[in-house]
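In structure tokens, one chain follows: the form predicted on its own.
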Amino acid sequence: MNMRNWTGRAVLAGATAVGLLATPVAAQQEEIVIGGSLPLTGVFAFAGVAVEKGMSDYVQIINDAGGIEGRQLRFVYEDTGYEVNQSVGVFNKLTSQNEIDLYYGDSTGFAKTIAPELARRGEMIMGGASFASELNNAEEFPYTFIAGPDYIQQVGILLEYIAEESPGASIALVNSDTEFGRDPIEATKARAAELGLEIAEEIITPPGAADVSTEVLRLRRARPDYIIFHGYVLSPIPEFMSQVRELGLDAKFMGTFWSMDGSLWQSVGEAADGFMGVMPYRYYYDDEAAPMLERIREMRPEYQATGYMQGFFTAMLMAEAAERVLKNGEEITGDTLKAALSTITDFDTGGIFGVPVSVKENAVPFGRVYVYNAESGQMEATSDWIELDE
């Protein structure tokens, strides 16, 4: 128990004993508070702004419906600029000013840095922007969760798709030289071997590399059927695609979640046509029956990016866990929230996912393969929903 909680509970006990519990304090304590370290400026501001809107909208939906067991949600957050030190500073500031129950972190670095503090406090669970496979370990990160498949699982979904579409296909892996980019490499090679797929080439580049001509020559020699990019948002994927096509190679290009926003590819134009990748959630404009998507479109008539869906679903999992804790008659703590989160199976997301989903370990290993159509400017589904066993 930290000093803030100890002091607050002692004051609460004393006030109750003398019958002086003030109504405003009681009302505040009845709130369920979500804190957030969000990159609202800097290189990942596009994601942070979208995540903030998604989480705020779900909080509004819950509160408009009367809250969770009568308790309102409140979302407090500050900008981090995608700097770990700033993220930690925001965490310390927000937790000193609020009784935080749930938290959104903006990066893998922050999630790993703050994990010991989450364990020490035992007050909250944390989701966030990171899909790092390392975080999908409930023993090592007991108060963390991932609102979708981790990076190994994302590439695993692509491998499942490839094995079904082109048994025995050859694949080139192109990863950025970052912790994020290198994350799934070894597991991808192992899973490809299990599925009878060949890893024909492995390339690592600086993130956002401008000159990829040397790497493209290696791809020409390898002549892969598929090229999977991971660890990039956009650049240098379009450059790879253009040069590979100029060489006459007939490879298909794939990516993972943070490179799958259709609005990014609209800026590339015709050269982006055919880019494929894994998406854990439905797109804003998907026309299959999905009442929650319809609600989102009522609230925001303009297109919402993939980061919005990620933030929205993160808040949805947080609220579901809190509701299960309260329905069990338990106090909201890190342990009760995480235990409740782990009971989520066959969860109806209202169409955010196309199938009922379950929390397995620390993640939600479901996704679908979409392909970019340059004519419509949209990502279109090209597979059914794929669920991984692990």
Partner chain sequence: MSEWLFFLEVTLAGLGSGALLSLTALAYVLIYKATRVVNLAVGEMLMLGAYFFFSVAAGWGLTAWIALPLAVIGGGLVGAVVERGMIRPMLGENPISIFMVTVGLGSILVGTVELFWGTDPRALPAFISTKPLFLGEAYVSRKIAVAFVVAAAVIGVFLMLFRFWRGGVALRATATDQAAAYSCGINVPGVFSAAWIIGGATAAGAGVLLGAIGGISPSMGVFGLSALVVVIVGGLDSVLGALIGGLALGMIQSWTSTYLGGEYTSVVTFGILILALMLRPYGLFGTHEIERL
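Numbering follows the first chain given and starts at 1. Note that the structure is a prediction, hence the values are computed from the model and not measured.
Not on display, but discussed next: the form predicted together with its partner chain.
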**OP:** Indicate whether Asp273 is a 4.5 Å heavy atom neighbour of its partner chain in the model of the complex.
**Re:** no
**OP:** Would you please decide whether Arg120 lies within 4.5 angstroms of its partner chain in the model of the complex, comparing each non-hydrogen atom pair?
**Re:** no
Original post:
Looking at the partner-bound form in the model of the complex, is Ser133 within 4.5 Å of its partner chain by any heavy atom?
Top reply: no
Original post:
Does Glu239 make contact with its partner chain in the model of the complex, using a 4.5 Å heavy atom cut-off?
Top reply: yes
Subject >> Non-hydrogen atom within 4.5 Å of its partner chain in the model of the complex for each of Lys53, Ser107 and Tyr283 >> reply: no
Original post:
Which one, 159-167, 124-132, 214-222, 275-283, holds residues whose non-hydrogen atoms are within 4.5 Å of its partner chain in the model of the complex?
Top reply: 214-222
**OP:** Could you spot which one of Asn85, Gln97, Ser235, Thr113 gets a heavy atom to within 4.5 Å of its partner chain in the model of the complex?
**Re:** Ser235
**OP:** Would you kindly say which of Arg182, Arg300, Lys189, Lys93 lies with a heavy atom within 4.5 Å of its partner chain in the model of the complex?
**Re:** Arg182
**OP:** Scan 44-66 and note down the residues that get a heavy atom within 4.5 Å of its partner chain in the model of the complex; none is a fine answer too.
**Re:** Ala45, Phe46, Val49
